[in-house]
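Form predicted alone, single chain, as structure tokens, below.
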């Protein structure tokens, strides 16, 4: 997810800090669960409410929740605490960051027997999601959700464009031609853009398209860059075409992406699903759907939030048991978390009436098996350097300041330099 503004995060941090002081017990003998997370904005406010419920139901646990700045600041502080063996009992981590975090030294394995005792089984998760949490035969994370790249659409604009079916939902399109026809129809209604997208950091869009072309990034052990130039350029050429036709803006950052969809300048938006609360609060007439399958296979860039046990030199058995029970409780209550847009990883919740009744949050749940995680590397994952290098190289494509060929060459050179640099952890 994108970083949130410092003002909103600072306010939320104050709220969570106050919650940590007043919501937990301080009596000796209570098992303690200290939780670090990186959730700001709507996610942070929602997590605060969920944690208040957890505390109310668990007076026998000394619980503290702390929100740290999203992205590199969070992972740097977490790594330092784990390296020193003085980490919190549990932390949130993007699944795409796990293998680059040196899990066998910086994380403690999840005690599967305690997880099972708390009512959570491996069979409760999609196999591909669970398998990504396993390193060298040990479980190092428990998935909470998935947050894929999706399609938002203004229902009033898309109805005028003739894109809605009898059920009021957008009609799926497949292939480049149908995709472009859909966007041109939307532009004809708005008179401005078809879709809002972050052109200054187009990693999610490009990696989705490249993944749909079945392009590979690294070899199996992530030691060699194996980008398919032809497929990479095909995806970049399409991004350039969208901008040259005025279907997307020439230049728009994340804030502009949200604003252009909110004010009707664009009848669609390509983004992660986490802005659903923003548009609901604004009472925008909108719904959501899977991002179109433009090329060969259904793949959608995304990530997952997971729970991990950062390394402690002397992990307390009672604290660990309470921590695993906290994780299990959060999974079983993840329909409340899903209201913010994220697809629950815990399948009993995905099948629940409570989740299925969430509209439009349940409308794109079908993409879960096909979420495309960022390549495995120490410099890859949400908020990591690989996305920054993609932004630096690809941002000039929509604006016309860089050709796709030159942008790809720059990106490959930057990625190779990172690949040649030893992991700092």
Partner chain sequence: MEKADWKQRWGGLFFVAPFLLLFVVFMLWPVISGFWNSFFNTSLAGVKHEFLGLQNWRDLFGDPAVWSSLKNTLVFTAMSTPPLVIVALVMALLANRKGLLGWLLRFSYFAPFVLPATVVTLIWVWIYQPGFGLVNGLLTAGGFAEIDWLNTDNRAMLAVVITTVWWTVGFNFLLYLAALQGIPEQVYEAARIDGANGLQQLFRITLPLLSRTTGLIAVLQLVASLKIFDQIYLMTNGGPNYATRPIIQYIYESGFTSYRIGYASAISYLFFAIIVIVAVAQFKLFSGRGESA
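Numbering follows the first chain given and starts at 1. Just so it is clear, the model here is predicted, and its values are computed rather than measured.
Unshown form predicted together with the partner chain; subsequent notes refer to it.
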Original post:
254-262, 107-115, 320-328, 203-211: which one contacts the partner chain in the predicted complex at 4.5 Å, heavy atom to heavy atom?
Top reply: 254-262
**OP:** Taking 4.5 Å between heavy atoms as the contact cutoff, choose which of 389, 374, 43, 35 touches the partner chain in the predicted complex.
**Re:** 389
Original post:
86, 171, 241, 192: which sits within 4.5 Å of the partner chain in the predicted complex by any heavy atom?
Top reply: 192
Original post:
With the cut-off set at 4.5 Å between non-hydrogen atoms, does residue 97 touch the partner chain in the predicted complex?
Top reply: yes
Original post:
Taking 4.5 angstroms as the cut-off for heavy atoms, does residue 64 touch the partner chain in the predicted complex?
Top reply: no
Original post:
Is there a non-hydrogen atom of residue 298 within 4.5 angstroms of a non-hydrogen atom of the partner chain in the predicted complex?
Top reply: no
Original post:
Is residue 425 close to the partner chain in the predicted complex, meaning a heavy atom pair under 4.5 Å apart or at it?
Top reply: yes
Original post:
If you look in the predicted complex, which residues in 394-425 sit within 4.5 Å of the partner chain (heavy atoms)?
Top reply: 395, 399, 401, 410, 417, 421, 423, 424, 425
